[in-house]
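Given as structure tokens, the chain that follows is alone and in the form predicted on its own.
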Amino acid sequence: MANADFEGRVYPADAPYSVGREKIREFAVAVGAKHPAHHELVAARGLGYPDLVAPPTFAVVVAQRTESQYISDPEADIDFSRVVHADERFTHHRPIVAGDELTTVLHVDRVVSRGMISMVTTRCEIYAMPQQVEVPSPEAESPGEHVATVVSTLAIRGEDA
């Protein structure tokens, strides 16, 4: 069962994730996103973007990287082999584009256990770091421009479930 003491925990901004053109193209192919702004620089710039635009669900790549801090914490009591993704929602404040340096603050919003199942809701607030900052400051109110929010709910089966 997930450790309920983690509810309300906030993990500081993680190391930056550099969004590359090839990663956007590979992700777009993997999810079947065929819009030219995901594949062709000329098309993206023609639409007013500075570079290739990531498909909306690309934010999960950044979010799951950050969520691994919580999932791999032995005190969280999460056996990843017993995890099923129950829900995921994206709120975009602006598109993710190639060249973004993204950092994420992870919030463990809810940990509820009923019977042999724990439901854990996490929220990843994703920010684009200003170009001159290489490592986010833990004291900063916001590590940069707010890009997206990813809310995930995990169902974790207990050992006897």
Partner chain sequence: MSRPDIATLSVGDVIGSRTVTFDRAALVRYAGASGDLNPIHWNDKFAKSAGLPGVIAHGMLTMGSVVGLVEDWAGDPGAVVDYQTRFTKPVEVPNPGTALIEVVGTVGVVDAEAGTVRVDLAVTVDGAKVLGRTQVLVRL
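What you see is a predicted model; the values in this text were computed from it and never measured. Numbering follows the first chain given and starts at 1.
Unshown form predicted in complex with its partner chain; subsequent notes refer to it.
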- Query: If you check in the predicted bound form, do P56, V60 and S81 all have a non-hydrogen atom within 4.5 Å of its partner chain?
  - Reply: yes
- Message: Residue-level question: is S72 within 4.5 Å of its partner chain in the predicted bound form, judged on heavy atoms?
- Response: no
- Determine whether any heavy atom of A37 comes within 4.5 Å of a heavy atom of its partner chain in the predicted bound form, and answer yes or no. yes
- Non-hydrogen atom contact K23 with its partner chain in the predicted bound form at 4.5 angstroms: yes
- Query: A33 near its partner chain in the predicted bound form, any heavy atom under 4.5 Å?
  - Reply: yes
- Message: Can you pick out, from M116, V42, V112, V29, the residue that has a heavy atom within 4.5 Å of its partner chain in the predicted bound form?
- Response: V29
- Along 85 to 114, which positions have a non-hydrogen atom within 4.5 Å of its partner chain in the predicted bound form? H85, A86, D87, E88, R89, F90, T91, H92, P95
